[in-house]
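Next up: a single chain in structure tokens, the form predicted alone.
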Amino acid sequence: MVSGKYSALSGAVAREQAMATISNNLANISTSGFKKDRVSFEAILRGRQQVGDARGVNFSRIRRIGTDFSPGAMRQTGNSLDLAIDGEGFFMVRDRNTTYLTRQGHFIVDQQGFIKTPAGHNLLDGGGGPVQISDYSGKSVIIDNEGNISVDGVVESRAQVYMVDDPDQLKKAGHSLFTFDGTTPVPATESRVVQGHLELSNVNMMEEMVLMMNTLRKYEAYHKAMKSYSTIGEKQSELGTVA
């Protein structure tokens, strides 16, 4: 009975963690460039793992929380510094200490002409340096499909798209930023920069709501199982008292 109680408890805890992931996905449904997370489970039921790692107790747990890098839909904004990526890849941005990859393409220009995210991260060019343009007040800023940035028809810099061999190596560092320790980004060759558009979150509300309901039902089932084990335990104690 003890094994079954721990099995139900571990299942409930794993579903609580899954519910937190779903809630975070839903909270970022309006975050440009956000990539949803997905949870996978594993059970230790038999063999050496059960005897050694689980000490004879059956239980389940979260095996992995991975990120789904499928593209989100594009929304036209008309802002010349809103950029979306058609295809694989990321923009590379950097703050004072760390370099990140992101598909959040809403940029602004500071007083020195550096193109940045609203959070202050510099957009990087193909050489890894910050993208800087001249005073563009009253001028036309055109960014072509390769990321070349022209001010009044003169190419001044480039918003480079980078890609990595294995996106699963990337780690989230905020809602739309990823660090890339263990993998080296290289310039993407088949992706296309789309000016005046933003990539939306790839979270589908209906899909998340279905997952939430399914996860909640499983949590309730585990909770009922734990309650049943507690009731059985109480009856056993009463029988022991009578004897």
Partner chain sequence: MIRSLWTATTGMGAQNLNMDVIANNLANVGTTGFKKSRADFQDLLYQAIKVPGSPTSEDTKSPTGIQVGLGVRTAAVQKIFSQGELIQTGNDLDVAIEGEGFFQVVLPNGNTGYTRAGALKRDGDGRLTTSDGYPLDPEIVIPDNARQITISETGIVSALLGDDTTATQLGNIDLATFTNNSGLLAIGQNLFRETDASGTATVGTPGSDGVGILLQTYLESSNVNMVEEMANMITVQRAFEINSKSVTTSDEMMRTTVNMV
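Residue numbers count along the first chain shown, from 1. Being a predicted model, the structure only gives us computed values, none of them experimental.
Below: the form predicted in complex with the partner chain, not depicted.
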item	value
Location of the partner chain contact in the predicted complex, chosen stretch of 71 to 79, 123 to 131, 156 to 164, 85 to 93 [non-hydrogen atom, 4.5 Å]	71 to 79
Contact label in the predicted complex: Val186 to the partner chain, heavy atom within 4.5 Å	no
Partner contact for Ile65 in the predicted complex: the partner chain, 4.5 angstroms, heavy atom	yes
Touches the partner chain in the predicted complex: Asp168 (any heavy atom, 4.5 Å)	yes
Exercise: Ala43 in contact with the partner chain in the predicted complex, heavy atom 4.5 Å	no
Residues of 184 to 199 having any heavy atom within 4.5 Å of the partner chain in the predicted complex, listed in sequence order	Leu198
